[in-house]
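To begin, one chain is listed below as structure tokens, in the form predicted on its own.
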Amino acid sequence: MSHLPSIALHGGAGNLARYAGTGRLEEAESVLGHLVDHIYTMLQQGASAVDAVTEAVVRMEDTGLFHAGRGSAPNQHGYVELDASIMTGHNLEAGAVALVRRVKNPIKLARYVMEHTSTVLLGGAEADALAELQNFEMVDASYFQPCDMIGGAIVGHPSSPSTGTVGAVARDTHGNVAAATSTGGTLRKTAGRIGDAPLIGSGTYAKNNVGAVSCTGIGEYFIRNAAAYAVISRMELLGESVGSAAGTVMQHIHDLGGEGGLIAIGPRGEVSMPFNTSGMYRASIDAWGKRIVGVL
């Protein structure tokens, strides 16, 4: 049985309104628009959901526009720490890495962990060592061009920069779903801090015939709510629509004082992208071909 594909992407949620007039918002909107069209075409041509979300996140990691991959910012000690996770809905396999410092594309390493090891989450120096052993592309500190530096200069309060993560969720023509999330954290974050992005159930979750979720925002609140899994479980156990489930979870996060957003695909390929910040970089094409690209 063939299914209609759907795709949703995010490049992070936060105080994006501060970038007005810098050209950053327009550039990000253009990048996401082209990317969502590219990934949707891949899916139409038979690409798997896991290949689609991997490709989407790799491209966002490489742009330098978002708080992931090249755009990652140094922590309080002056070096980057990158996190990523990926999950496939047909067998609930998942892989994640945390606190890696030299891997160009952490999402590729997370997928390797999922597909070629018995581990779900691998962290720190051992994750970097595995990447090097498997001939992943490695980089040094000069590769990173923190996207937050501009924002900090604009706001004048670099101690409270915007949050940001990139992510993708997809359903392919076979009905399989997948989710992927990647982050480099925010400028001068606490060294060793791990947010929701590499945590299955908090920042990322996917289950066939139910949906797929990727989150962005202040990770501690998403961890405390097991946000990604909460959206899935509300759809599966309560029969809620993807919009209702996603909206309720975001309300719970808001009630605790948290900020951010998420992208979710439902069982029929419908899409929801709620956020409670001034903006979220986002793009989607649902199973009916409805296309959304937005920033604020």
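Residue indices: 1-based, along the sequence shown. The structure presented is a predicted model; accordingly, all values stated were derived computationally and were not measured.
As for the form predicted in complex with a further copy of the same chain, it is not shown, yet the points below apply to it.
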{"query": "Among the candidates 100, 147, 107, 87, the residue which, in the predicted bound form, approaches a further copy of the same chain to within 4.5 Å (heavy atoms)", "finding": "87"}
{"query": "Contact test in the predicted bound form: residue 192 vs a further copy of the same chain, heavy atoms, 4.5 Å", "finding": "yes"}
{"query": "Close approach of residue 233 to a further copy of the same chain in the predicted bound form, 4.5 Å, heavy atom", "finding": "yes"}
{"query": "a further copy of the same chain contact in the predicted bound form: residue 209, any heavy atom under 4.5 Å", "finding": "no"}
{"query": "Residue 126, heavy atom within 4.5 angstroms of a further copy of the same chain in the predicted bound form", "finding": "yes"}
{"query": "Complete contact of 13, 245 and 275 with a further copy of the same chain in the predicted bound form (any heavy atom, 4.5 Å)", "finding": "no"}
{"query": "Among 33-41, 46-54, 234-242, 62-70, the region lying within 4.5 Å of a further copy of the same chain in the predicted bound form by heavy atom distance", "finding": "234-242"}
{"query": "In the predicted bound form, residues of 207-234 near a further copy of the same chain [heavy atom within 4.5 Å]", "finding": "220, 223, 224, 225, 226, 229, 230, 233, 234"}
